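In structure tokens, the next block holds one chain alone, the form predicted alone.
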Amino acid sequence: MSEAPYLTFDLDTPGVSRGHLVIPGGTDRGELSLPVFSLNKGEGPRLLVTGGNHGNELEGPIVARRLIKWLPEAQTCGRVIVLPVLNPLAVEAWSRNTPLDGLNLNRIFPGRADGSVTERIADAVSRVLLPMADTVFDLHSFGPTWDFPPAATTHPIADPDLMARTVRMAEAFKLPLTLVWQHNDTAGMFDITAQNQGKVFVCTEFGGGTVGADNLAIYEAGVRNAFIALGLIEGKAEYPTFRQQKSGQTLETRPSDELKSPAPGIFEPRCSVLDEVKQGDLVGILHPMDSLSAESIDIRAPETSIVLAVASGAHVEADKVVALVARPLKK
């Protein structure tokens, strides 16, 4: 059994290579082999594309596999590495976290070589693949209980030059939304690890986690636009059509933009994503289910803003987020 993660092929080999990233076994389970695709066309950008970070977000792995089909004919320079499924154990279980150890892969980077299986996956990606890239696209969706527009996202970055380059890269996807997302739950995220190394990292959030032909077409078009912007392929970038519109906007959101449920119950949305709301406008209604005499509770916008995400009719506990709002990014 190997003591260190490794690739079964040489990334410097010209042309197409296919093989595996081998994750060493541990006390919790044996060795894992994650399929990896590489296309090396010499000098140029070095891009890593990953999907399946969370196992219940399935658009990313599908779009990643689609890239593999058309890249050999389209790519003109540089090197692209595609790892369609970062966490196969979670994908197989359709679970956000790894069932074996209960960990969220996107909260334990850079991982541990002597840790549990999720930590070993993060360690392998951090040590073997991340050093080989200058830019990273991590393909997510927002999860199965949310309505969220196709978006390219990042977090605030202390380095102003890296921040500017990252926002430009995110905007190059030309998705309906580019989002700078400030929230407190960032420890151990893949993008923080990459950004600390000076790499441009864009996390795409592909809607609400329901795989459909129209949404997949939007997501693939956005990724293709980003490849064009990097100079990896030729072509003309265009905004994909989302809800009869071809446009994009760049927003920012803060922890205070989370609208939370004041009590347990069923949340009923009363607005749609990307709606503009004014202070006091109705965003949704919380219906308590533990008492027939309890009044339903209106949840209203705290200020003029744009609806970023709404929980899709889910039962929620008290103090859980039911909607997010945002506002235009101040550059």
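Source: prediction; values computed, not measured. Position 1 is the first residue in the sequence shown; the rest follow in order.
The form predicted in complex with a further copy of the same chain is left out here; the points below concern that form.
Residues placing heavy atoms within 4.5 Å of a further copy of the same chain in the model of the complex fall in a single listed stretch, namely 266 to 274, out of 40 to 48, 266 to 274, 301 to 309, 23 to 31. Taking the partner from elsewhere, no residue among Arg107, Gly111 and Leu329 has a non-hydrogen atom within 4.5 angstroms of a further copy of the same chain in the model of the complex. Interface membership of Met132, defined by any non-hydrogen atom within 4.5 Å of a further copy of the same chain in the model of the complex, is ruled out. a further copy of the same chain in the model of the complex comes within 4.5 Å of no heavy atom belonging to Leu282. Using a 4.5 angstroms limit between non-hydrogen atoms, Lys320 is distant from a further copy of the same chain in the model of the complex. Although the partner is absent here, Ala314 is a contact residue: one of its heavy atoms lies within 4.5 angstroms of a further copy of the same chain in the model of the complex. With the partner omitted here, the residue from Asp257, Asp147, Glu119, Asp191 that has a non-hydrogen atom within 4.5 angstroms of a further copy of the same chain in the model of the complex is Asp147. For the stretch 47 to 80, the set of residues having any non-hydrogen atom within 4.5 angstroms of a further copy of the same chain in the model of the complex comprises Leu58, Pro61, Ile62, Arg65, Arg66, Ile68, Lys69, in sequence order.
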